[in-house]
Structures are given as C-alpha cells and as structure tokens.
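Listed next as structure tokens is one chain, alone, in the form predicted alone.
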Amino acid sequence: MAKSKLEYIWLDGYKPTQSLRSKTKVVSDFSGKLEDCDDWSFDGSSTEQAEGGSSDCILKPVFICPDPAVENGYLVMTEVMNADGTPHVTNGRATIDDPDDDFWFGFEQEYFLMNPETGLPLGFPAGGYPAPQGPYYCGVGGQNVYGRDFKDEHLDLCIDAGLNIEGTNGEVAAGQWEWQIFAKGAASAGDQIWVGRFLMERLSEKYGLYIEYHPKPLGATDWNGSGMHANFSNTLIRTAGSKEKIEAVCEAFRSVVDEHIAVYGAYNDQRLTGKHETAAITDFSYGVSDRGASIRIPLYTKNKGWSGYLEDRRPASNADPYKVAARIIKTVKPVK
C-alpha cells in the first residue's frame, strides 16, 4: 500500500504578523487531488487561535501541489476554520470577494537573507556595513552577490512544485532578493505566495539562515526596505482603453488610504517615508512609471492604449497577500 506525506500548511494567530505553521499527515493510496484531502484539526491554543478549554480549530485544504523536496510528498495550503465550520478571525483568505477570478494578481516578494550569527543580512560585516547600495541590484560577482545558491534552489523548488513563479532577481541591498508569483484569481495568487514562502522558510533551515520579512530591517539608515508590490487588474483595467478610466481606478484609492495601510504589513511606516522609491505613508499619489508613487501606472498600460494593469507599491514584504488582495478588490470592484 503506497504511502504519501501531506504537509498541511496554515497561518497562525500571532500579531502583528502571522507566521506559517505546518504538520505532516501520512495517508495511503493518495490520488494527489485536492478533493481527496480531508479536513484536519489542530490545537489552536498553541497558535494564538483558541483558548485551552475549547482548542480545536479546523484546517480546510484549499490548494495542493507536489512537494519537490519529499518523495511521495504534497504541500497542502489550508485556511483555518472554527469548529462550527465558519472562517476563523485570522482567516484572511475568506475575506476575498472574487468568486469568478476576474482579478489577476502578480506579487513581488522581497526579503533579506540573514546570518543568525551576526543578526545582519548576508554580505554585511559584523558591526558595520558593506559598500553603499547600487551594485547589488541584479548584481553579478562575489563582491556584489550574497546567497545566490539559496535563491536559485528556492526558484527550482517553486518550479518543481508547479507554482507560477515568473522570475527572481537581486535587490538593491546586499543579501536582499526578490521573486514574483502571478495568478488569475486573487485566492490562487495568495495560495502560491504562501506556499512559496513556506518553501523558502523550510530551505533556510538547510542553509542555517533565516528569512527577514520586516519592511525596514536596517532601521533608519540609507538602505531600501522590503516590499511586496501588488500588480493587479480586472476586466475593467485590462480593457479600459482610456486614461480617464485608469485614473478613475487610481482615484478610488485616495479616500481609503488608512484601510489599505491597515492590512499592508506591520512597521510599514518605517519603510513608507517618501524616500528610497516609496511614497510617504500619509500621502497618496499615482503616476506613469513613477516608482515613488503609491500606485505606479506601468508604461505597458499607457503604451497599450491605457489597458493593462496597475501596481500598488505600498504593501510591505511581511503583508498577507490574501488581505492585500481582498482590500484592493473591495476598492476597485465598484469602479465602472
């Protein structure tokens, strides 16, 4: 009887930033299909999601892919439900209003690879700083690149898992990297970002490193922070055909800045300062090819007759893609 290992993955209830959790279920003669993944309970009192006297929470499978690092293994992304079957308060995925997958999302996940011995990014000498940022972005060479083996292995794992990863590159600081996921459907994009994060976190165990998602891990220094830029579109944006319609979508964000910032990641005020290719957290702006704006209108969209996609540059690297997507949909959907 063939055995398969199913790694159930979920988000805990820790604040201000949820963490990944997982546990392994061994099953026999598994089909590899999502519909054959049973719900599974866990102790929510150990993850800040329940009280000890009534601690059962339910894991509801929502996405499955092969586990490229485990023979006969699968990665099963789940959402957390209460014992009565309703979505748990920590379940951001359940807040997404995109039943027909009209919204497409491309998330750009930035992160720092950290040396646990120094508490600094790879490439940073103990007690100091490397050469100023500049040569590290898409850099080549031992004096500019730190952690390429890790980055490339993570890329291969994502490809082998069947995730729609679209690329990766070195970012502007030493030890800082980025990868991108695109999906048609907000929930699918979120599922794949979280599975990609899981693969990255697990890989860090092998390398003796850790991942830093803090949007400004180097504090008030002249180094860029980390974001998770959200590229998005719906039918209206993809077929707008006019500058006025695209600007109407952008304008819809102006009155709900606080609502967006509330779900765009903890400590984001340290990153969104108006410097280092960011707009100030208290402001709202948009512009063509403007990386210092809240929302960038890509040249692609302008050059395609004002039809295409938009990029919200405000989400932080530690933001929950489910919550980011849900908030963007809530703002854009009423625009006609």
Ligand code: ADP
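Sequential numbering from 1, following the sequence displayed. Computed from a predicted model, the values in this text were never measured in an experiment.
Another form, the form predicted in complex with adenosine-5'-diphosphate (ADP), is not on view; read the next lines as being about it.
Student: Which among 127-135, 142-150, 251-259, 229-237 is in contact with adenosine-5'-diphosphate (ADP) in the model of the complex, heavy atoms within 4.5 angstroms?
Tutor: In the other structure, the partner sits against 229-237.
Student: Counting only non-hydrogen atoms and a 4.5 angstroms cut-off, does E166 reach adenosine-5'-diphosphate (ADP) in the model of the complex?
Tutor: Heavy-atom contact with adenosine-5'-diphosphate (ADP) at 4.5 Å: present for E166.
Student: Consider K275 of the chain shown here, and say whether it contacts adenosine-5'-diphosphate (ADP) in the model of the complex, taking contact as heavy atoms within 4.5 Å.
Tutor: Result no; K275 lies far from adenosine-5'-diphosphate (ADP) in the model of the complex.
Student: Applying a 4.5 Å heavy atom distance criterion, does F182 contact adenosine-5'-diphosphate (ADP) in the model of the complex?
Tutor: It does: once adenosine-5'-diphosphate (ADP) is placed as it appears in the model of the complex, F182 has a heavy atom within 4.5 Å of it.
Student: Examine R271 and determine whether its closest non-hydrogen atom to adenosine-5'-diphosphate (ADP) in the model of the complex is within 4.5 angstroms.
Tutor: Contact check for R271: no, nothing within 4.5 Å of adenosine-5'-diphosphate (ADP) in the model of the complex.
Student: Tell me, out of F63, Y309, F284, F42, which residue has a non-hydrogen atom within 4.5 angstroms of adenosine-5'-diphosphate (ADP) in the model of the complex.
Tutor: Answer to the contact question: Y309.
Student: Please pick, from G73, G162, G106, P87, the one residue with any non-hydrogen atom lying within 4.5 angstroms of adenosine-5'-diphosphate (ADP) in the model of the complex.
Tutor: Selected option: G106.
Student: Three residues, E178, R291 and R296; all within 4.5 Å of adenosine-5'-diphosphate (ADP) in the model of the complex via heavy atoms?
Tutor: Yes: E178, R291 and R296 each sit within 4.5 Å of adenosine-5'-diphosphate (ADP) in the model of the complex.
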